[in-house]
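Before any questions on how it binds or moves, here is one chain, the form predicted on its own, in structure tokens.
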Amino acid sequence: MNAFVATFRRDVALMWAGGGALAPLGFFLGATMLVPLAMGPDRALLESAGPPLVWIAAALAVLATLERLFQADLEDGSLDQMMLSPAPLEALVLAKGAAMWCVIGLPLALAGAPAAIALQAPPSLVPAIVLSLALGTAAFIGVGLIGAAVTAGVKRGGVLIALIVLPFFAPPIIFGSAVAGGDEVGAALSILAGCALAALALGPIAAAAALRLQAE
């Protein structure tokens, strides 16, 4: 538990110190807030196109942060220390994912409220949209751990990460857009929760296995 907390606090501090938390948030807000200016004042068009755009922007914002998640640890020797730690590597990987969600995923979810309002979402749906984004970003990060671990030893592996993880981003985007559109909100939230739990359960295990291969 001490190793888990130490890894979590270290990654949170590094993400804040390096400005890694502000770039994806700025991208998300910029992408969603500029859409109404580009699409014009047609409310019906914004209501139909807005939900998918919110989720695509959130997915791309998370994707942009994955490349250096493990690559920096591999380069500075931190990964070797993680493997020598008595704590399971899977737990430490989960700590890094939890730190990323707190620093990047949660702010993106909260930023979904003004983004949804700008895209003409009904005010009654805003809490559900924020909750769905919180679950969706957790699913994105859980899957992203695998892509980041597989490409940790590859310089400029962003394109490779995208090829690995984007197919698995599709279910959260589909059901998250359903929540934002007001279609079967309860059922869509349940499926999103299932996606998040599955990604967080399997992602650290697969990522830890990939990191062990990288270190050999």
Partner chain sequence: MSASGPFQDKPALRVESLTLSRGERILVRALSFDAGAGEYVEVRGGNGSGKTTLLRALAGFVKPRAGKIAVEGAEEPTLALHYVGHLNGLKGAATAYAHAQHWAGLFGASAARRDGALARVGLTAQAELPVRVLSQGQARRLALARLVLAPRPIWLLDEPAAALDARGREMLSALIEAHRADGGLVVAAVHDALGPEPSQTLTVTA
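From a predicted model like this one, the values you see are computed outputs, not experimental measurements. Positions refer to the first chain, counted from 1.
If you look for the form predicted together with its partner chain, you will not find it shown, but the lines that follow are about it.
Quiz prompt | Which of 137-145, 117-125, 103-111, 84-92 lines the interface with its partner chain in the predicted bound form (heavy atom within 4.5 Å) | solution = Only one stretch passes the 4.5 Å heavy-atom test: 84-92.
Quiz item: Within a 4.5 Å heavy atom cut-off, is Ala72 in contact with its partner chain in the predicted bound form?
Solution: Judged by the heavy-atom cut-off of 4.5 Å, Ala72 is in contact with its partner chain in the predicted bound form.
Quiz item: Is the gap between Leu14 and its partner chain in the predicted bound form 4.5 Å or less for some heavy atom pair?
Solution: Because a heavy atom of Leu14 falls inside 4.5 Å of its partner chain in the predicted bound form, the answer is yes.
Practice problem: Please run the contact check for Ala3 against its partner chain in the predicted bound form: heavy atoms, 4.5 angstroms, yes or no? | Solution: Taking the distances in the predicted bound form, the answer for Ala3 is yes, it comes within 4.5 Å of its partner chain.
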